[in-house]
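As a starting point, one isolated chain is supplied in structure tokens, in the form predicted alone.
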């Protein structure tokens, strides 16, 4: 599918608090081609693509079939950034680049506390980051050559990471004979 698209599908994933949305927002501004940022968690809420709301975890139980049906036409066109804390749900054929953002667990804890996450949710996400859950998920779901692990702890990381992704987009275009 990706060979016929005019623009790539970039998945930006990572434990909550690693900077996915901030990266995606800046990438939309810096990209040499138009990209649409899709915050999957927000889309799930807006379109009712969930089965229930879990009060204990303060999160939605996503209806994966509904979500994939909603995203399929957008992914087939390309030109999107999928921003979500998990990536294995997305079919391999969709992804041109999978960026896994990583953050030191002490910084991550502080970020999640500022979001007023319940303690057990902070602990679970912190453990997931320490155990590299999202990175392992990406590596087991997509070809090794499209999965990139990037540190996301400071403004310099953000700027450097987005510059790297922009360079990748430029190479993606060039490989396809696009201006």
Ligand code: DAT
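Residue numbers count along the first chain shown, from 1. Quantities reported herein were computed from a predicted structural model and do not represent experimental measurements.
What follows is about the form predicted in complex with the named molecule, which we do not show.
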Review point. Though the named molecule is not shown, can you say which of 66, 139, 121, 111 has a heavy atom within 4.5 Å of it in the predicted complex?
Key: 111
Practice item. Using a 4.5 Å heavy atom cut-off, indicate which stretch of 149-157, 56-64, 41-49, 26-34 touches the named molecule in the predicted complex. Key: 149-157
Revision key, fill the gap. Across 5-21, the residues having a non-hydrogen atom within 4.5 Å of the named molecule in the predicted complex turn out to be 15, 16, 17, 18, 19, 20, 21
